[in-house]
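Shown here is one chain on its own, the form predicted on its own, set out as structure tokens.
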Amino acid sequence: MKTSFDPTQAAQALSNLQNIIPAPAEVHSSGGIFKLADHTPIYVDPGSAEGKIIGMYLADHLKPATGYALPVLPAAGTLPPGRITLTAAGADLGLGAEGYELVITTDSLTLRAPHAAGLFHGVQTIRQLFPAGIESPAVQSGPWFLPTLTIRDYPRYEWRGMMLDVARHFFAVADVEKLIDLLAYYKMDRLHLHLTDDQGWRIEIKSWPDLARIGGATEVGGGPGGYYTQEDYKEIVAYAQSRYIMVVPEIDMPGHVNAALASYPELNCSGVAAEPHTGIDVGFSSLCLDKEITYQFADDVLGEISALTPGPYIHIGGDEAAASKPDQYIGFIQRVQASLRSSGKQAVGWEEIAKAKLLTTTIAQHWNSDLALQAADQGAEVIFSPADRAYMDMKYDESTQLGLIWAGYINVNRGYTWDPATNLNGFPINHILGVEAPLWSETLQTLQDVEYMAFPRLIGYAEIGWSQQTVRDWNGYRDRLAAHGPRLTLMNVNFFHSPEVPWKE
């Protein structure tokens, strides 16, 4: 079935191709169009449960705007023209765990990937190749067409993530799940949840129930706080897994622990429970590192979190522990990372953990010093989250109502125009695991606040993590980002309309 050539539609299709974010590694356009019809079948590999789920995901995301109930069928025999095929058959293993190849002709669309994650990422590219109206929650008139092309695509870095601070202000399960969908749309694959801090403890620990009951009752400013039950947490983890995103939980220790100290007197050296803390100052709290109960507490908490978390990574914080004695801090970090390793998990910590002797499996997170160099010298991999480039809680400019300024203003340009390979002078590039954009929540109370500070900056961090440096430049990115304004609007994202970007209506 040949699609009739329409020059206007072909031009629009080419424009959509030029606006993909993150930018693909290789793109070759052939100038035609493939039209989606109300009977277009989606074929998947027979017997592949993941393939069928991804096919249904694509069909479900195309249905609201098109009104088409596209059938998802097992591939068998000679397939008819006018089809969509999602398959691992014949895929290039060189594309890796998350890469894919997309071939669109006038009468077929074939998405190949050696692994399911690659198929899922390729589906996000397909969504972006349609006109922006494909993201509408209501039926639109169409027509629905795609450019003919070949795309070969794979990520630059394994770790492409966002950190959400739910400790200083709490965000509901549904809020986190919406954020997960947006991360998936831009091919991010990690969600780091900062679950505990001085102001709040946000995860139920059955062996220490007062952590959530007492420690979870407050937040910055004195609001009611909240916490995730273990069932809530498992729901978030499962939802993220269905989008090929790994949840990395953080239990920040031995500092940033006032919520724990307010919950259990025995964790304090004085034996007296701390008062709840609703301010935003840091560096004043510490577990009592002289007491064996502290290490039992750490083992119990990390043991329960590990059992709930299928991914290999548990973040132990380790930052801004000014109230802990240096030698005791080092001993604590070494003991905790070893305990995690013995239970089959890898410790992740902010770069201060490099003061201790690290296991080669431990991962450090660079944010504000050159301690990441010490981590790499010990054989550790490093996640790059430079505060002056990647902290999304920094104000865009002096007029921004939300956010802080201690690391400086981070407009969209500044957030995009840096390269992890050259960010930290002298850092060995073979120790860069990837990129993560943290969003601390001192000033953020609602999902709309989160969206405003994260978008559009998070889209740039997604491209830094995925796209090859050779295909990145500010001018091209700015124009591509402008075309995503209508998509974000249709997805009901409260994004900052940066004056640096010529937004399209």
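These figures come from a predicted structure and were not determined experimentally. Throughout, we count residues from 1 along the sequence that is shown.
Separately, the form predicted together with a small molecule exists; it is not shown, and the next lines address it.
- If you check the small molecule in the predicted complex, you find a heavy atom from every one of 282, 404 and 442 within 4.5 Å.
- You can rule out all but one of 145 to 153, 221 to 229, 315 to 323, 131 to 139: in the predicted complex, only 315 to 323 has residues with a heavy atom within 4.5 Å of the small molecule.
- Just one of 168, 190, 121, 112 comes within 4.5 Å of the small molecule in the predicted complex, counting any heavy atom, and that one is 168.
- This chain is displayed alone, yet in the predicted complex one of 416, 186, 297, 350 has a heavy atom within 4.5 Å of the small molecule; that residue is 350.
- Contact check for residue 393: a heavy atom falls within 4.5 Å of the small molecule in the predicted complex.
- Heavy atoms of residue 160 never reach within 4.5 Å of the small molecule in the predicted complex, leaving it off the interface.
- Of the heavy atoms in residue 367, some are within 4.5 Å of the small molecule in the predicted complex.
- Taking the partner from the other structure, the small molecule in the predicted complex has a heavy atom within 4.5 Å of a heavy atom of residue 256.
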